[in-house]
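Two separate entries follow, structure 1 and structure 2, each one form of the same protein chain as structure tokens.
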Structure 1
């Protein structure tokens, strides 16, 4: 729970408590947005429901703009934010596998747990498969280790790797996102409604 625990403001024992609370809130909003239905997620691929895309892109652009302004007024130190390291080849392969699982199962890991919690059988199957996958990956890790650790670009940011300014990237992302919202709205109207 940064920045409170790494800064020593509260002790590390609270980590699990905060994880639980954040998890509950996250699950609540996922369920509240209807993401625990696999039809909702599959709708992005079939073109009858783009709420997932809108939800996550709104979160991304709001967070990006908010963080930069917070950083500017000094409420947050952007240099202290942890940025995941980018392992390019494993990212691409992992992305393909995740995308396939997404369209086949209609869940992402978070929403599958959400669906399992409200008793959806397909979510149970999906979650079970996820754990089997985790088990196989962990047991066979020495096989995958080379790929897993290959092509590390470090904690790179996308606008740095593209060599453009942060402001330009975020502004472009906003325009692209808004454009996407508009276009997907049109598509949604043209595609036959699916009741679920």
Structure 2
């Protein structure tokens, strides 16, 4: 039963191997979906292409349904899945910074690496800027540490906060996704198509 590493089924040395393999497969699907194009990625903000939203929503729902099924049949212990701590101030500020970068550059961190891997100059510039930002933040971390660690809500889960079951939350999420697919389809038909 999973998770494999926390339960000692496989050793922790496999962690980076799995991370590399999952990253390669994820990058393959990102490139196959056209996410190495900053125009396609920016399309979600301008209303002419919602493939990014649909792709990630579909991936999240598939993973959620899979995890619930695996938990139901006893293949994984869902209570052992690590959930990141929620630092409210850090989440808001980081989200604003990443959102602005996404709008201005047309890439998020993962898609910029995907674009850089196939030789896109704008992706190389964006990835270089990302690494410069990481370096500056890490060097100046003592200045930001108080803000970074403030407003910790712990490992919260949305369905627990709402007082509903995990399965009902995923069912509601599927309904929201279907509604979003329908609405974005209408918007995309009404907005002038942009040639890539």
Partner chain sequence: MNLRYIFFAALLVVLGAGLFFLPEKTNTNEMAPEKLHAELFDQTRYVSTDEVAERIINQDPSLFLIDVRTADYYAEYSLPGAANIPLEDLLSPNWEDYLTQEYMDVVFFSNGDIYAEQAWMLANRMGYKNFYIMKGGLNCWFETIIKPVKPESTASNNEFDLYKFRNGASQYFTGGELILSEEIVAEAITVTRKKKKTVASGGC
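Treat the numbers as computed from the prediction; the structure is a model and nothing was measured. Positions refer to the first chain, counted from 1. Superpose the two forms; the largest set of C-alphas matching within 1.5 Å is the rigid core.
The chain appears twice here, and it is structure 2 that represents the form predicted alone. Positional change of residue 186 between structure 1 and structure 2 stays under 2 Å at the C-alpha, relative to the superposed core. Core fit done between structure 1 and structure 2; CA of residue 19 shifted by 2.6 Å.
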